[in-house]
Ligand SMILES: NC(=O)c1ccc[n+]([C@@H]2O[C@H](COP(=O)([O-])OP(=O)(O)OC[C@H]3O[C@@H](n4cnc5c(N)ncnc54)[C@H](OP(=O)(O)O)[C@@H]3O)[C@@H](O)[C@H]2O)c1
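The chain below stands alone, shown as structure tokens; this is the form predicted alone.
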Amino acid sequence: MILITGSNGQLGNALQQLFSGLGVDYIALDRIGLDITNKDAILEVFGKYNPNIVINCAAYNKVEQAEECIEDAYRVNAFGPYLLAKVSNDFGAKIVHISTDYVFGGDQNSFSEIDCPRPLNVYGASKLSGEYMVQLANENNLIIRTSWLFGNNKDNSEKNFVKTMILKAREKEEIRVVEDQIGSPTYTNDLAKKINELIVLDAEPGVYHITNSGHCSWYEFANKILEFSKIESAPIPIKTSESGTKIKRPQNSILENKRLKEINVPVLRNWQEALIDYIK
């Protein structure tokens, strides 16, 4: 039995679709179904379903707001994962915890799993703390760092960068996109398949970077979205300093999928191929 937390999000939804197609026994719970910051609620779920694998997709992802809501960010991104990992350990279950490229400071050309994290903002710091807390509480862990996710949430209502660009272009809005932040867009359907592959392989515990191959700026990403959607629009490139962000963001957050290669697991396809499939 696999327990998925944060089930309403893009990755949680992709995992559910994948497991349903494969006939995998799973239970998916949203924040109402399971508050991961409540130990009694976690114990109740484990007592009822006794999962042997937990995939934690629950997170506080409001990057800008985290700077002001520090307690909320750490409660969901660090304290909650610790409780989930601790109960998982007590029940003999593996935990797969989803983390982010924002644990890095963006001061290198790319980052492998062995590079030293240096978050630039509260969100990144809270996610890094979550990694440490999960590893502290449960040795049977997989920490999955990924970046720039796009996919559909459960009721297809959640916005992502792809949907936002298409909507703005169709409504003839001016599109201003930063050109000095570089990363790897990642399709949640592809990520879900690779997470499942690591589970099936019973991969060694530790940190794994999983992103679609290749990289681009947000500006280049926007242009490809509109090109593949066959929408004529010309985004305006801007610097991060012109974007209105109130926090520091890594200028380069390319994640090397080094550990996948070391264990001879194929890396994900190029992000442009994945984007074409998603738009279709």
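From 1 onward, residues are counted along the sequence shown. Only a predicted model underlies this, so the values are computations on that prediction, with no experimental measurement involved.
The protein also exists as the form predicted together with the named molecule; that form is not presented, and the subsequent description refers to it.
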Please tell me whether the candidate spot formed by I36, C57 and S147 is one where all three residues come within 4.5 Å of the named molecule in the model of the complex (heavy atoms). yes
Would S243 count as touching the named molecule in the model of the complex under a 4.5 Å heavy atom rule? no
Although the named molecule is absent from this view, report whether N52 comes within 4.5 Å of it in the model of the complex, heavy atoms only. no
Give a yes/no on whether V134 approaches the named molecule to within 4.5 Å in the model of the complex, heavy atoms considered. no
Any non-hydrogen atom of F111 within 4.5 angstroms of the named molecule in the model of the complex: no
Pick the stretch from 42-50, 224-232, 245-253, 59-67 whose residues have a heavy atom within 4.5 Å of the named molecule in the model of the complex. 59-67
Contacting member of F104, Y123, Y187, Y208, with respect to the named molecule in the model of the complex [4.5 Å, heavy atom]: Y123
May I ask you to choose, among A73, I95, I98, V162, the residue with a heavy atom within 4.5 Å of the named molecule in the model of the complex? I98
